[in-house]
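Given as structure tokens, the chain that follows is alone and in the form predicted alone.
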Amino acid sequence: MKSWSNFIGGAWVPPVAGNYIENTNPADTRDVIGRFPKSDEADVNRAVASAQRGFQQWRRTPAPARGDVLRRVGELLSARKEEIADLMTREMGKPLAETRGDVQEGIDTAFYAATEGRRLFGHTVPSELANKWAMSFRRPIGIAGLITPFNFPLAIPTWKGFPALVCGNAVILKPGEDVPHTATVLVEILLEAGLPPEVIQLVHGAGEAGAAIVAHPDVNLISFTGSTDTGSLVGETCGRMHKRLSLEMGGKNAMIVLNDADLDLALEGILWGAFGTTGQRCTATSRLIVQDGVHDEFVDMLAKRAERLVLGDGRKKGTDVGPLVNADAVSKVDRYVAIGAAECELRLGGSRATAAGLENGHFYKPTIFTNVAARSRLEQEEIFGPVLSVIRVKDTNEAFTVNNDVRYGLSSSVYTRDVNVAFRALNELDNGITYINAPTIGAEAHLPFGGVKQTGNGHREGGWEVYEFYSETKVGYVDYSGRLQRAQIDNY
């Protein structure tokens, strides 16, 4: 079995304590990818010391030149797209069509970041005093600790890492423990593209490594994607230590299908939104809110199509739905299926998939519950699996109320032909993202991504806003009057 390394101090090195985590293919756990470091505080301390040196070098590199490195990263990702998609599917399970999209999102983010290296705008404004110049500009902050999940092994590290680098920060990346191979390849590409070695540190491991990064006094800012409960702990530490923090956490996203909807279009949307990535997206459609007039017809259409979805190895042609990422994920879905069976009606699925060819993987049948009550546990709590809850409503107002009545606020969608309802939805649905006549998944790299309420803390990934998170504003005044001028004094 191959043993892989951390990247710390400009070199590939083993973990200090010598502990490792075995990485296996979730479609067939007999397929072992290798052993990856189970890092701890000692590894993080070494990474921080190196990142401090890297930051001093990188911050002095002009931002357009930093962008040029990211442009080369985009070119290398493009050249290796199929290879990276294949290793990513082997590592976390989603079909190749999805992992190709994951790589493409990294490519898009790289090219977008490259252009932002020439657009880190400040402001020049008139001073209230004569012969005085006033301006603001952005500068890097320091070391950025990035803690990323398993479900987008390339896209999310690039969402966070590329803007952080273009802004001039050094980066310590702690990827999800289920997807270390993808992160390793990403770091190899960054180095090949010309990133100075001590600007990037890769620290593999589980919660202990992540906690050490969050708590280290010399890590200046943290970007975390994961569960709301873990995010709360991260927030407590960062608040106590006065660190800049971006949290991207849970979701309980709803698709609303109204009586005037194009049902065939809505059907394609719900199949993709609910069962794409095996339901393992923070934007996955886990609630289907359907108006009375089309409820029965639409649920029948959905059950018939969902039953035909093909489960299997995502690297094999014809696979619609891959495995869950690990055994714990399967157990969690099992627990919620048991809760649903006690609360409502099981329409489809509800058990592990163990047919021939699936018995050695973490497969779960696409599952649909109907007669789900608003405020029930199944309707309120994030499951992160292929489980869809169907809620019947009488009208648009009730649909909007049900959508908003959860602690999360990431994504929502509405299927309707009524332009007035569409614009009401954009304004009234309490989510960071709302789609009209499209599923709850499908964010684009050049727009801000994030949610409200317990989904996040107000910052956004992607788009132009993320560059504000990874840089700080400095104001400069130049007084060329040759005499003392007093601002903030009553000069009138």
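When you see a residue number, it is the position in the sequence shown, counting from 1. These numbers were taken from a predicted model, which means no experiment stands behind them.
Keep in mind that the form predicted together with ligand UN1 is not shown, yet the notes after this line are about it.
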Worksheet item: Any chance T283 has a heavy atom within 4.5 Å of ligand UN1 in the predicted bound form?
Response: yes
Worksheet item: Should F152 be classed as touching ligand UN1 in the predicted bound form when contacts are defined as heavy atoms within 4.5 Å?
Response: yes
Discussion item. Considering non-hydrogen atoms and a 4.5 Å limit, does ligand UN1 approach Y408 in the predicted bound form?
Written reply: no
Worksheet entry | Residue contact check: F363 to ligand UN1 in the predicted bound form, 4.5 Å heavy atom | no
Practice prompt. With ligand UN1 left out of view, choose which of I33, V48, L429, I441 has a non-hydrogen atom within 4.5 angstroms of it in the predicted bound form.
Written response: I441
Response to the item:
Checked F369, Y415, F275, W159 for heavy atoms within 4.5 Å of ligand UN1 in the predicted bound form; positive is W159
Fill in: Heavy atom contact within 4.5 Å of ligand UN1 in the predicted bound form, the stretch among 22-30, 60-68, 441-449, 36-44
441-449
